[in-house]
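Consider the single chain below, provided in structure tokens and representing the form predicted on its own.
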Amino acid sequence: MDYSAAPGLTGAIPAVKTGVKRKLNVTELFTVKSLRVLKPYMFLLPALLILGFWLYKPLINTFYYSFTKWTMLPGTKPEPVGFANYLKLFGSKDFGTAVKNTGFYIVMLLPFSVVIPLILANVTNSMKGRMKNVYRALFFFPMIMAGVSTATIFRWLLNPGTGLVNILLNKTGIIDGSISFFTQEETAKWAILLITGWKMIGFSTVIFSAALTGTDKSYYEAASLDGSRKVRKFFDFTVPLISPTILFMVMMSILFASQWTFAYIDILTNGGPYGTSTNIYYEMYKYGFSSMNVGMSSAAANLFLAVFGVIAAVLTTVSKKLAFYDN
């Protein structure tokens, strides 16, 4: 019996219609849609705030300081100087030498970061059992050593008086006397290059080994049935199959060569003798913390940010055209 419709009853319960959805008004509908749109960005917000504070804020400050004169001393403030810092850089002989040395390190590190590691990775990839991992660990070990520790070890090894290298060279009759590797113009730059290259070989070898692990082995099996030699397999299959990784390591080597050499320049040669071993990173460091010239340091940083940005864009475009993806 439906008591809600009975006349004369007080406190009757009104009939409730079931199965009817309430329509949202315009304001509620807009709020729901806004929440759906903003929800992904809310998850990204913490990461974006961290990136903005630690990456983009310093980048903006560097751009601003490049047009100022400031020593960072307490009580001093940046003074606007326009493009004076950039003009000084273009007219600086030391900066020109640093640019040339940077090009030298970029080109000469490519064999250590690409060619030699690619060969080592290919050789160890064909090994069986645990020895493969043992060799890879031995190659990677120099990479995990701290830069200061590495520099200290090589300072002892290449010491002109008591260094092991000079002792061996004298005993084998290659030289008569001693070589001061870090204070002679002919050897300082090459010593920095060899130390950095020795550190880089292990890292690149592990990267290439990982790339080789994911290659399709059916290509090599078919080539073996056709009687192809290992050298031909390497150039016909290995290089094309891991070409994206090769191009990636080329890009890494070009963009970070100066950064990888910085620690050894700072500890072993201080950019000398006569600036023959310096690079742009060390020059920026000297401008900012030795000469206390924040404007010059920021201007140098902005110049090479633009240069390396163009290089990265070109290399990315080239990689897309030349890289082979086995899908």
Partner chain sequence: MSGNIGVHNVVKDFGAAKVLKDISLDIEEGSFTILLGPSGCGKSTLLRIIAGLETPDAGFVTVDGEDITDYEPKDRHIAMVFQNYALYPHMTAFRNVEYGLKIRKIEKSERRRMVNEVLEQVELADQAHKLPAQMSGGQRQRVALARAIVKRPKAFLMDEPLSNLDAKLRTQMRFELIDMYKKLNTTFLYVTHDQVEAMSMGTYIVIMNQGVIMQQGTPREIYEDPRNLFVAQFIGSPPANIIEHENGYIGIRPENITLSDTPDGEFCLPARVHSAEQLGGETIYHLNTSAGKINVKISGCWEQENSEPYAVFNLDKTFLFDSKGNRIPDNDRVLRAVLRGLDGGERLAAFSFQSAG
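Bear in mind the structure is a predicted one, so any value in this text is a computation, not a measurement. Residue numbers count along the first chain shown, from 1.
Another form exists, predicted together with the partner chain; not displayed. Remarks below refer to it.
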query: Gly227: touches the partner chain in the predicted bound form, heavy atom cutoff 4.5 angstroms; finding: yes
query: Contact flag, Asp94 vs the partner chain in the predicted bound form, heavy atom cut 4.5 Å; finding: no
query: Touches the partner chain in the predicted bound form: Glu185 (any heavy atom, 4.5 Å); finding: no
query: Exercise: Thr172 in contact with the partner chain in the predicted bound form, heavy atom 4.5 Å; finding: no
query: Partner-contacting position among Ile179, Ile246, Leu241, Leu193 - heavy atom within 4.5 Å of the partner chain in the predicted bound form; finding: Leu241
query: Contact residue in the predicted bound form, chosen from Val107, Val115, Ala222, Leu87 - any heavy atom within 4.5 Å of the partner chain; finding: Ala222
query: Contact stretch among 79-87, 231-239, 99-107, 185-193 - heavy atom within 4.5 Å of the partner chain in the predicted bound form; finding: 231-239
